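First, one chain by itself in structure tokens, the form predicted alone.
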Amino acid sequence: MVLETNRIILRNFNEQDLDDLFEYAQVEEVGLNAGWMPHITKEESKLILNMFINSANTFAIVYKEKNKVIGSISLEKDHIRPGVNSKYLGYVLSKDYWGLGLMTECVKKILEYGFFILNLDIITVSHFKENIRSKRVIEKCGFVYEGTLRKSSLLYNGTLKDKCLYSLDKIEFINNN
């Protein structure tokens, strides 16, 4: 499946994406905002890349202007709403492309995919409390704040973080677009 916006192509990952993935995954701020340890070796990135390749709903974010993979976006199993026709949205973007509105563009496209291709009823997303950039993306895309799960995420470095939880249902999405 390939999805496209004005500036972005969302497509399946492939083995040729390793260098681009490693480039953004080794940046400390990128990993910390996503909740994982920054990659130290390409072997680490290759393990993640293989998981991405085998995931039906994980997309490489390709910046058209440079034909370069600059992040990932996925709709995965929603552990917060078991038994509901729901997915959990996750995304990460290279620090070099923060502040350009690219992730908002990607999320809006993946919401269309989730609601109209996968026929989901609701999509869940969250961000760490201090990640204001992610909060802005979530709010711009129309998600509704549900609450904060205090000390709910244990990071690789032993830090406990609060996670802010949001959702968007299909009717809300249709009414806002």
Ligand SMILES: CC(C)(COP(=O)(O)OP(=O)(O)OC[C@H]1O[C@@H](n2cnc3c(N)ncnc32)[C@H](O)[C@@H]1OP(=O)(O)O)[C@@H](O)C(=O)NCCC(=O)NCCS
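We number the residues from 1 along the sequence you see. Just so you know, these numbers come straight off a predicted model, no measurement behind them.
The same protein also has a form predicted in complex with this ligand, omitted here; what follows describes it.
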property: Contact label in the predicted complex: Gln26 to this ligand, heavy atom within 4.5 Å; result: no
property: Non-hydrogen atom contact Arg136 with this ligand in the predicted complex at 4.5 angstroms; result: yes
property: 4.5 Å heavy atom contact, Gly101 to this ligand in the predicted complex; result: yes
property: Val62, heavy atom within 4.5 angstroms of this ligand in the predicted complex; result: no
property: Partner-contacting position among Lys46, Lys129, Lys108, Lys140 - heavy atom within 4.5 Å of this ligand in the predicted complex; result: Lys140
property: Every residue of Ile123, Ser167 and Phe173 near this ligand in the predicted complex, heavy atom within 4.5 Å; result: no
property: Stretch from 27 to 35, 47 to 55, 142 to 150, 109 to 117 whose residues place a heavy atom within 4.5 Å of this ligand in the predicted complex; result: 27 to 35
property: Members of 65 to 82 lying within 4.5 angstroms of this ligand, judged by heavy atom, in the predicted complex; result: none
